[in-house]
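First, one chain by itself in structure tokens, the form predicted on its own.
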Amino acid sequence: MTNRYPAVAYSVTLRVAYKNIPGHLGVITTAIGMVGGDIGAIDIVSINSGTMIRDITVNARDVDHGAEIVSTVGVLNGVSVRSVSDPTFLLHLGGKINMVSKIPIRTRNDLSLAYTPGVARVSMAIHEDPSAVWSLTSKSNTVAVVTDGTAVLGLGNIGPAAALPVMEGKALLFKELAGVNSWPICLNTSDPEKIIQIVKHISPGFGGINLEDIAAPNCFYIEERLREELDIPVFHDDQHGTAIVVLGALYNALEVVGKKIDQINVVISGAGAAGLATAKLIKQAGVSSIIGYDREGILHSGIDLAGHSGKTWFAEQGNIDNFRGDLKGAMNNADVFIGLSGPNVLSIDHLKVMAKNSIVFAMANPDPEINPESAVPYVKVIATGRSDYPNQINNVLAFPGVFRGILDSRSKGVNDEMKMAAAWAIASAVPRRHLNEEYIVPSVFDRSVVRGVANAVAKAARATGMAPIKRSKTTEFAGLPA
């Protein structure tokens, strides 16, 4: 499945030369429109000896469509395509992040205060009182984004170097949306024991660890060990960020359809990291019946799950009635379907047997479990992970605010109460009077979401004993907010 409409992520910029006569530009733009291109900008580069050179930026549906647009313009009579550039690649040249200092170094006094000899006094203060590192360094506002590149986006195991642009993007979002400093840590090993040791060794410089794009089942083991062995929060966003946003969307979707969370039947397709975390969190929030579906079919106690802890949870804790049929049978009278798997899992026949006013979250990306246009006549609310449909369920609604909250409160971890508080904050960001079938989650550009999530997470951390209620003496001495 390609994008329905041309999108900026697949745009191309053509530098074209043609005779500067009336109507020639119109011929070019008409040709682009005939093949479905969406012109975003037309800029004059130069005019020489009656020849016009322009840059024309065109949004395409995908890479192949972009090539078709270039080919179409290239064969026009009297038109020469001088060059073709890709704005997405241009944006990534040199990377998307850098380190910026907070203070200028202009004089000898500046140098003496920031570095030697003044810095020695600060180092000794931390040596004598290790908790001072939180107020006298950047640790309190810095997160490590750690990956081994084994489960990147929809790309799979592409390795640490190829994962770096994604991790830079994550760091960019942390800073832009929540003011959190973060650094991509791409590890050239997928050995869980080595990853655990590396993260433990680098942890003194960070206030939190964001695990990213690490394949299951290693991600479960790595997170569990690090949570036990580190004194700073460890958060696997593919699991818990997804779960938080799904729960937030579910709260609002249930309000739209007039159902209670403790009275619904849920089917989840995909028992990987995201599927398991989502199932556990919505169960904690009140859902009792959660039937899991994966490669083995319906997950129940009668099949050999080869010791897979996530799938075993679905079979024993989610499938409370031990249903043993097929997916269509599981969908019979189901109120909610949550897809965290792959394309074409669902058909219209599956939707027809769901309960009245049903909800479908088809979140496989880029190709959902069912084409949303096909599903609309049969369900009340549909959401996807894509930006070109209503109700995009996107982790960016969660992780910036979650980390802002845990850093601000100096929480030692992240518990279910904090996750549910974050989910409720996301749901609450949609004004009740505006809530409808196509508006159950806030915009990712709504800056109030980060503030709301951060405040909710910090409050829950203090209320559950994960974070101190009073500010430390060191923080008071430094004159900084706790």
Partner chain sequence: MSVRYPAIAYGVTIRAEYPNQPGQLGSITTAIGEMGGDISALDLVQSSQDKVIRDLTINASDVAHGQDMVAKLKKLPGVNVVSVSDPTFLLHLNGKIEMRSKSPVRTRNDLSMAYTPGVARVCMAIHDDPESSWNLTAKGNTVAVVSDGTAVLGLGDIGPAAAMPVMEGKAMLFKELGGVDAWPICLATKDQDEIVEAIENFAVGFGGINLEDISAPRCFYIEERLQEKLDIPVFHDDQHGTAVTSTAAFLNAVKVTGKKIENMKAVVVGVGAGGMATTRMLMDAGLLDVVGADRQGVLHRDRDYGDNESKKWFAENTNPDNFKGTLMDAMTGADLFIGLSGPGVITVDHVKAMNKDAIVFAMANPDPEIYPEEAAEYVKVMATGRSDYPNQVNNALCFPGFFRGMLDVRATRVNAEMKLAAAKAIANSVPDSQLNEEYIIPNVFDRNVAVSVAKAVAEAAVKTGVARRSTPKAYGVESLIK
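Just so you know, these numbers come straight off a predicted model, no measurement behind them. Positions refer to the first chain, counted from 1.
Note that the form predicted together with the partner chain isn't included here; everything after this is about it.
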Contact with the partner chain in the model of the complex for I303, defined as at least one heavy atom pair within 4.5 Å: yes or no? no
Does the 4.5 Å heavy atom contact test between K170 and the partner chain in the model of the complex come out positive? yes
N188 within 4.5 Å of the partner chain in the model of the complex, heavy atoms: yes
With the partner left out here, check for me: in the model of the complex, does some heavy atom of L153 sit within 4.5 Å of the partner chain? yes
To test your reading of this chain, name the stretch in 193 to 201, 67 to 75, 315 to 323, 273 to 281 whose heavy atoms come within 4.5 Å of the partner chain in the model of the complex. 193 to 201
Can you work out which of P377, G258, P117, G286 has a heavy atom no more than 4.5 Å from the partner chain in the model of the complex? P117
Picking from T29, S443, N455, S448, the single residue whose non-hydrogen atoms come within 4.5 angstroms of the partner chain in the model of the complex is S443
Residues in 211 to 235 with any heavy atom within 4.5 Å of the partner chain in the model of the complex: E212
